[in-house]
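To begin, one chain is listed below as C-alpha cells, in the form predicted on its own.
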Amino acid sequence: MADETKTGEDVQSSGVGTTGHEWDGIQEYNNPLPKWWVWTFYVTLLWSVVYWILMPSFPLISDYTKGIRGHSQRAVVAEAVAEVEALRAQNGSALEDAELEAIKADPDMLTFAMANGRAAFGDNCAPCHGTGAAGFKGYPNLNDDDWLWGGTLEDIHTTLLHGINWDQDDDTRFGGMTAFGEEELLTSDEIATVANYVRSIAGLETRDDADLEAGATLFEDNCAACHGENGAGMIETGAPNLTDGIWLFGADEADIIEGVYFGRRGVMPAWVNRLDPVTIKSLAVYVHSLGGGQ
C-alpha cells in the first residue's frame, strides 16, 4: 500500500498551501471549497435576509418583528376555523329553533346533529366520559339507562346547558351526599352498618356479622329522604338508585364507607357559555342516541 503521508516538499510541489495543522508529520491541505457549494451558501444567506424582511422572524423583548407581509399562522388558523364555523352554522341553522324531538324526527336534521354531536363529544366530553362514553370511576357511563338527573332529551339538554353543581351558573342543579362521618352525624361503626345494608339491598354480599336490621333503621333515618324508602333513588335530588348494579364510585364495602363518611359531590361544567346552541342540541341528541337515553 502506497504511503499517502505528505511531506513539506510534497505540499510545496502541489501548489496548494496548508492550514498550518500537522499531526505526526501529516499536514492538512487548504483546498478551496467547491464553487457550487460557496454560491449555494451565498444564496441561502441572501434568502435569509429576504425572509427576515418579509416574514415574522426576530424575537423582541415583549413582541417580535412582524415582517412587511404581516403574515401570521395564528391568523390563518383562525380564518380557517371561522370558515368551518360559518359553514357549520349555515348547515345547522334549522336546528337552532327546532324542538329536540323534531330534530330526531327529521332525517336531515338528525344526520347533521349526530355528526356534529359526535365531533363535539370527542372534543369536549370524551376526556371525562371516554371516547365511547362508557365513563370511568366517578364519571358516569352514558351508554346505560341509569341517570342521576334524568335521561330524556330535555333532561340531557338541561344538564349540558347548566351543568351539575357548577357554581358559575345560576341555573345549575345542585345535589350532593352529606359527609356523615366528617360532620360526625354517624359513628364509624354506624357507617359500616349502613354500608352493609346498602350492599344487601343491591344484592351484594355482606359481612357475616352485619346487623342488617340496624342498618335498615339507620338508612331510614339518614338516607331515605334522598334515596327513597326502598333505595331506588330520586331524579329530583340527583340521588342514585342503590338497588341496581350500577355504581358510579364503586360498590365495594370500602367504596361505600368512603362515600358515606366523606360524602360525594360530582361536578359537571355548564356549556351554555362555551358552546353554541346548535352544538349543545346536537350533543343532547347524540348522547341520547347512545343507548341509555330514556
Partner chain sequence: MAADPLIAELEQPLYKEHEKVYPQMVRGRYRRIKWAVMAVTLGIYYGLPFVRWDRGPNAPDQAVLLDLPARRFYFFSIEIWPQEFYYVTGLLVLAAIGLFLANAIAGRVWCGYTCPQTVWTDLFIAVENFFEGDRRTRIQLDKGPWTTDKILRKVGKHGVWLFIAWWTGGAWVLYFADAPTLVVELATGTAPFQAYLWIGILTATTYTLAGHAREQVCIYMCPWPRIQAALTDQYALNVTYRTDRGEPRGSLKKMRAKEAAGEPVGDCIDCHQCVFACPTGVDIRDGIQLGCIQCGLCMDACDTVMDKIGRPRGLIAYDTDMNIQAREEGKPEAFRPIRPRTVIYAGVLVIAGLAMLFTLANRPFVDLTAQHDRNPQFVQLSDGGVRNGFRINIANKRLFHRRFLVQVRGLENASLSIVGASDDIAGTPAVEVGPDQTHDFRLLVAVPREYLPDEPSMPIRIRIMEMETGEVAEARDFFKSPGDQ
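Residue numbers count along the first chain shown, from 1. We call the rigid core whatever largest set of C-alpha positions still superposes within 1.5 Å between the two forms. Quick caveat: nothing in here was measured; it's all calculated off a predicted structure.
Heads up, the form predicted together with the partner chain isn't pictured, but that's what we're talking about next.
Whether Gly138, Ala192 and Glu253 all lie within 4.5 angstroms of the partner chain in the predicted complex by heavy atom: Zero of three within 4.5 Å in the predicted complex.
Taking 4.5 angstroms as the heavy atom distance cut-off, pick the stretch from 206-214, 71-79, 152-160, 111-119 that is near the partner chain in the predicted complex. Residues of 111-119 come within 4.5 Å of the partner.
Is Ala134 close enough to the partner chain in the predicted complex to count, meaning some heavy atom within 4.5 Å? Yes, Ala134 lies within 4.5 Å of the partner chain in the predicted complex.
In the predicted complex, does Phe58 come within 4.5 Å of the partner chain, counting heavy atoms only? It does not: once the partner chain is placed as it appears in the predicted complex, Phe58 has no heavy atom within 4.5 Å of it.
Answer yes if any heavy atom of Asn30 is within 4.5 Å of a heavy atom of the partner chain in the predicted complex; otherwise answer no. Flag for Asn30 set to yes.
Quick one: does Arg173 come within 4.5 Å of the partner chain in the predicted complex, counting heavy atoms only? No, Arg173 is distant from the partner.
Out of Glu99, Asp145, Glu220, Glu85, which one falls within 4.5 Å of the partner chain in the predicted complex, going by heavy atoms? Only one listed residue qualifies here, and that residue is Asp145.
Within 32-59, the residues that have a heavy atom no more than 4.5 Å from the partner chain in the predicted complex: Sequence-ordered list: Pro32, Leu33, Pro34, Lys35, Trp36, Trp37, Val38.
Superposing on the rigid core, is the Cα displacement of Val38 between the shown form and the other one 2 Å or more? The answer is yes; the displacement is at least 2 Å.
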